[in-house]
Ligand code: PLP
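The chain below stands alone and is given as structure tokens, in the form predicted on its own.
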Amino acid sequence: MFNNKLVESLSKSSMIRAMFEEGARLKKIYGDDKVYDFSLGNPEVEPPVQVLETLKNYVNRGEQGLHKYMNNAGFPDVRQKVAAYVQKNSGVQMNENNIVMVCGAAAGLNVTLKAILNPGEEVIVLAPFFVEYGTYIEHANGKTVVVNTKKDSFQIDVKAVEDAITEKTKAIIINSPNNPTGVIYSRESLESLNQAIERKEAELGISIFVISDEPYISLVYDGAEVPNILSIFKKSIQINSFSKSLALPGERIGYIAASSNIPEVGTLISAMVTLNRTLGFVNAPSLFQKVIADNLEVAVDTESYKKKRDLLYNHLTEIGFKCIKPDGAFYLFVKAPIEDDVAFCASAAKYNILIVPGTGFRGPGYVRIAYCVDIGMIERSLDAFAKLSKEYGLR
């Protein structure tokens, strides 16, 4: 009766929302202050003051044509500013014709995959990963090929990726800082991956795109480096959104930047612009195109996230849980004390702790804890985590 593939995918992508809804149910019973909901990556912080002031200025000055249709790629002046920003950070020559403004990173990924994939072509994703990548690939009539990262570090297993490349491989998706692990892929691993891609392209006579999904690119701690994908991979496509960096998830604003080193990049951009329209996005929200173009160097206060990370990470590791300390994003990916991560999340819910099974990210045996929440809630949750640890004999 319905789209069978879509119905099948519902169970894969429902875990986060299911825990979120369970949190709402528990709050009605116990009260908001006694439920510790770490399920959703929804920033608790408000947008930076500069962003709000820019928004007010655009609204108040009554600029003519601000709310009308424009080129499906976005306002030319906005794309010029984004291109200059991307060029400065990557060292790759860019102009407005390399940029498409989109309705957030999800739209950017859908537009990109639809533009490059022929039916049956393969996209490699590195597990653990944001599970909806698979849905986006299926919508573009592609095939998802999952390659696990290294278990001890969640860094790229370059040999495993190289072994997974076939004559049908069309793209590899990179997400760094990563959701759900918070890991930043090292420059060494990315450069090694580039060499592997070039070897396989020459061997198989194929062309492989590297798609970088970068919503957490500004959320980095302790001076960690996030290597620029455009500067490493010739055929690279950068997709950014401002949902996390500017705490604007509800505004659905982002961009695609296609490297000028891509052969026939103009044809690719033309396809993306057409798909922006035909997939129903039409164009990115006009007002927020202008707002973000004036705030490309602005980001939320990462020190507040670092404080939350350190508080929760230090407590969890002190009471016996195992976790790689993340360098970016706002997630902890914690090893469950039992093999069944879904059952462990159910145990956590007995203490009103809402966390998400790693199985939902193709990382079984782990759980994701989103610490983009009020620090007071984190502080109130510490005793509940201690009780959970005691139940499993970790302390």
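Small disclaimer: the values here were computed from a predicted structure and weren't measured. Heads up: residue numbers just count along the shown sequence, starting at 1.
The following text describes the form predicted in complex with the ligand, which does not appear among the structures shown.
Novice: Check, residue by residue, if G104, Y133 and K244 all come within 4.5 Å of the ligand in the model of the complex, counting heavy atoms only.
Specialist: Yes, all three are in contact.
Novice: Pick from 149-157, 207-215, 86-94, 113-121: which stretch has a heavy atom within 4.5 Å of the ligand in the model of the complex?
Specialist: Within 4.5 Å of the partner lies stretch 207-215.
Novice: Do T169 and the ligand share at least one heavy atom pair within 4.5 Å in the model of the complex?
Specialist: No, T169 sits far enough from the ligand in the model of the complex that none of its heavy atoms falls within 4.5 Å.
Novice: S259 versus the ligand, in the model of the complex: is there a non-hydrogen atom within 4.5 Å?
Specialist: Outside the cut-off, so no.
Novice: Check N179 for me: does it contact the ligand in the model of the complex (non-hydrogen atoms, 4.5 angstroms)?
Specialist: N179: contacts the ligand in the model of the complex.
Novice: Within 4.5 Å, heavy atoms only: does Y36 come near the ligand in the model of the complex?
Specialist: Y36: no, not in contact with the ligand in the model of the complex.
Novice: Pick from K290, K200, R252, H139: which residue has any heavy atom within 4.5 angstroms of the ligand in the model of the complex?
Specialist: Exactly one residue meets the criterion: R252.
Novice: Which residue among N98, S236, N175, N276 has a heavy atom within 4.5 angstroms of the ligand in the model of the complex?
Specialist: It is N175 that has a heavy atom within 4.5 Å of the partner.
Novice: Scan 324-340 and note down the residues that get a heavy atom within 4.5 Å of the ligand in the model of the complex; none is a fine answer too.
Specialist: If the 4.5 Å heavy-atom criterion is applied to the ligand in the model of the complex, 324-340 yields only Y331.
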